[in-house]
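Here's a solo chain for you in structure tokens, the form predicted alone.
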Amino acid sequence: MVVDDTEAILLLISRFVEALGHSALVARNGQQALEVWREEQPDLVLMDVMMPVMSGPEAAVQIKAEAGATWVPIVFVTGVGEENALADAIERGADDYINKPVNFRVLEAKLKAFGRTLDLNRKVRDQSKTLADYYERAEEEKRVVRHLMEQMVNSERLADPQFEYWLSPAESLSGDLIAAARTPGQALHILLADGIGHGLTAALNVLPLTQPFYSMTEKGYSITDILFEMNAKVRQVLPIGRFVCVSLISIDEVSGTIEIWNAGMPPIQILGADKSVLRICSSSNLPLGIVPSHSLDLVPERIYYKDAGYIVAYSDGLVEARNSSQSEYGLHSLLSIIQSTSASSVIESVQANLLEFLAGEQHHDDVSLVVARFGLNETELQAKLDVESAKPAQQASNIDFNQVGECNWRYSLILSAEELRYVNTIPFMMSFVKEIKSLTHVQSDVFLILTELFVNAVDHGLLRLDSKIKTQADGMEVYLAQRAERLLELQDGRIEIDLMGLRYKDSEMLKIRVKDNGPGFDWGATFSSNDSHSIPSATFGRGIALIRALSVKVQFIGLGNEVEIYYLPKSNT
């Protein structure tokens, strides 16, 4: 746009501009220039300084203000004696000037220079818009993934009082995953996973773990079975080259057993009640997703305990966090702060200690920490078992078995030796139990009863294993080894399991019958020493005592190779 109140100069400059290949708009004062600019948005303004109605500098200020972030170069065409007005105009936003009489060679050079700058400015502006669009889409994708992760990681179960956790992402999304759930038998499963990389891609890596972890834990599968499926899922979903480091921990307070499987995660620390290190469970397996499931050694490390203690699991982002002097936080610092802190404030103390160590620096990797307790006292254990469990709905003496009616439903299963070697019987049956309305709120009880009856029928009825082996040094490992060996050699074993829903007054009573084809055992001598309504303190044998505490009637038949249990669920109101 050419702006001048002298018609000859206006015509001369506009024709020259058009001769250079541009389109020229004209205005004869500052006010008119402002109106043309608002309507046509020209790329560059050549403007006189002194004009009627509105001066050049006043118009320049208005144009610059209305253009905002868009750069509109304004070049003043000034005569002798207008230096002060020109200086004022440049201070208020003008970009350049040219003297009158106009040297057209100089004007052409300035127009070319501004043309190059305008092209560069447009490229920068386009790239900025592209980046802004990309950033907006990326943030939307992160929001969706964050929502998915929140939905797939059941945060309610992370509120379990048996453990505390801390998860701090290095970016907006975490590549670390912490999940927890309890089996129907109330064993606590804790998953700590670290996906390769950071941010969105790492978060996507760990998402496939959640579905098999939660669904299989709820059905009572062992961590070996869960790991098998998680590895298969990772290999199915993720592209080649992606893998996930995993620690999977199971704490079973009933049997006093901890199972730990560590693949690529930092060593898990087992601490005593005084928080001294009792044992270290280092990684001895490949991360999930690298080799097929059948090529992995999925047997967990087992720890049998009688006393209380702590399990400390963490990601490498915590111990490898660096401060401004490039010093690592380290395992020693982590254990020191845990050992010097009361159990109720471990996580808060570690957070504060790391924050002080970093002194304003940001940790470069995702940070996660899990501190779990084991060896609960009897009160805590009873609460944990949800038991409802510890006592039957009614005492046996209050049950009138004459009013027990016909079956509402029946579920029967017969397994030969061949099926016993590979069928995950209890989780398989729990899938059915979960669908029975009268049992949905007492799955934990039913799981405990079924598990104990089935294990007794197989281990003692068919395989003739002696529980006394467990009391010896490394007895449980010996017991399990003998169990695996005898099960492999079993030729004619047979287990029958019946679940029946019997009418009883206005409710439903569950009858469970388990029979094996073994020679039976002396059940009277085995159970006579236990109080039928308490949880025994011995490490082994708690399961059988719990059955007797849970049930309204336990009836052994014949030689002891057949047992019937009557269980009356409490009302779900």
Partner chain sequence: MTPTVQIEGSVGRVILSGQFDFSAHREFRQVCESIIANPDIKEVLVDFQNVNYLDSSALGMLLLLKEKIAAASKTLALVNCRDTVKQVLEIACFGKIFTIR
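Positions refer to the first chain, counted from 1. Every value quoted in this text rests on a predicted model; they were computed, and no experiment measured them.
The form predicted in complex with the partner chain exists for this protein as well; it is not shown, and the discussion that follows is about that form.
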query: Since exactly one of 169, 375, 264, 73 fits, which has a heavy atom within 4.5 Å of the partner chain in the model of the complex?
result: 264
message: Within 4.5 Å, heavy atoms only, which of 228, 243, 357, 163 is in contact with the partner chain in the model of the complex?
response: 243
message: So if I measure heavy atom distances to the partner chain in the model of the complex, which of the stretches 483-491, 416-424, 346-354, 276-284 falls within 4.5 Å?
response: 276-284
- prompt: Should residue 79 be classed as touching the partner chain in the model of the complex when contacts are defined as heavy atoms within 4.5 Å?
  reply: no
query: Would residue 291 sit within 4.5 Å of the partner chain in the model of the complex, counting heavy atoms only?
result: yes
query: Going by a heavy atom distance of 4.5 Å, is residue 197 a contact of the partner chain in the model of the complex?
result: yes
Partner contact for residue 441 in the model of the complex: the partner chain, 4.5 angstroms, heavy atom: no
